[in-house]
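Next comes just one chain, in C-alpha cells: the form predicted alone.
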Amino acid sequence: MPYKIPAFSDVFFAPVAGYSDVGFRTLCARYGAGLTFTEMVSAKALHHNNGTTESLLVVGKEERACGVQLFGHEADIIAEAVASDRLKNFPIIDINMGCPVPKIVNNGEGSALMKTPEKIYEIVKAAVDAAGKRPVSVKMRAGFFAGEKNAVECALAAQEGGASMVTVHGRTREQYYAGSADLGIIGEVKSALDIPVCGNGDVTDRTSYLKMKDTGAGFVMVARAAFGRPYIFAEILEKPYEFDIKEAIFEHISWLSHLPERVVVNSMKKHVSFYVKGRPGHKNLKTEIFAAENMAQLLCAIEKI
C-alpha cells in the first residue's frame, strides 16, 4: 500500500542541480511550495562516505517538507543509502530517472534507466523495502528516445515496485530542455496508474499550472521558472505575498553558511543573475556580480540592486 505524499500544497519545487540548495528551497517553501527536493545525491557517494555529499543533505529549519533525491543504477547501493542514518529524517525518497546529462546517462543512471523498465522495478522495490514507512517516488521523462515515449511502461514498473508517486517531465532525454513538454504523455501516465502523478514541464504561471492540472495530475512541479522568483508559488496558488529582492538574496546567502566562501560565491552568482533578470541595469549588475572573487565583492554588487 503506497504511503501518502507529505505535501503542504499541490505545487512542488523540482530538484535541480546547482539551484535546489537549502537557501532557495527555504524561500520557495515560504511562498507556498508544498514539497521541495534536494539536488540529486549520489547513492554511491553515500556508500563511500563522500564528505562533499553531506552539504547537499542540509535542510533548513523553515522547510516544511523536503525530500531527498538519489541517483544510481545499483539497487543494493540505493537501498543502503535509503536505509542510512543520514537520510532518516527525510520524509520522502525520490529516485532520479530523468537526468539527461551525459556523464550520468553514460553510467547507466538518470534517464538511461528508462531503457530498462525491469531495472526500474528492481530499484524502486529495493528502495521501498529499505524506506520503512516513508514514501518513495520516481522522477522520469516522457521517454529516452524522441520517437519512443515509454513513460507509461516505466511508470507502471515503478508502481509495481511500490512507488507512492511518479513525476513525469513531458520531454524525452533527447530533447533535453528544447521544444515543448508533451502534456499528453503525462495524461496517459495518469490514466494508467493508481498512484498520484506529478506533472512537470513548462509550468511558468497559474495558466500553465491549470493546463497541467487538466492532464489529471494530482501535483504540479515547477523547475526553471522558479529561478529568481521563489514567489511564483504564491502567484500560482493565488495567495498574497510581499517580496524584497535584496532581503531575499541576503537571506538566501545566510542559509549557505555551512559551505566554503568560494562555493557560496560561485553558487550565488547563478542565483543572483536570475534574481536581477529584467530589472533596471541588470546587464551591468550581472557583469559586476560575475566578476566578484569573494563574498565582500559579491555583497557590494548586491547592494547596488
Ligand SMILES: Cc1cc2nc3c(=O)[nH]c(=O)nc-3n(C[C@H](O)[C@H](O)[C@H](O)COP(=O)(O)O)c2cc1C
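Note that residue numbering begins at 1 and tracks the sequence as displayed. Bear in mind that the values here come from a model prediction, so they are computed numbers and not experimental data.
We do not show the form predicted in complex with this ligand, though everything after this point is about it.
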Identify whether this ligand in the predicted bound form is within 4.5 Å of every residue in the set 3, 92 and 125, based on non-hydrogen atoms. no
Among 275-283, 238-246, 49-57, 35-43, the region lying within 4.5 Å of this ligand in the predicted bound form by heavy atom distance: 35-43
Mark residue 188 yes when one of its heavy atoms lies within 4.5 Å of a heavy atom of this ligand in the predicted bound form, and no otherwise. no
Is residue 15 near this ligand? Define near as a heavy atom within 4.5 Å, in the predicted bound form. yes
Does any part of residue 224 reach within 4.5 Å of this ligand in the predicted bound form? Heavy atoms only, please. yes
Determine whether any heavy atom of residue 96 comes within 4.5 Å of a heavy atom of this ligand in the predicted bound form, and answer yes or no. yes
Contact residue in the predicted bound form, chosen from 201, 143, 230, 72 - any heavy atom within 4.5 Å of this ligand: 201
Neighbours of this ligand in the predicted bound form among 283-305 [non-hydrogen atom within 4.5 angstroms]: none
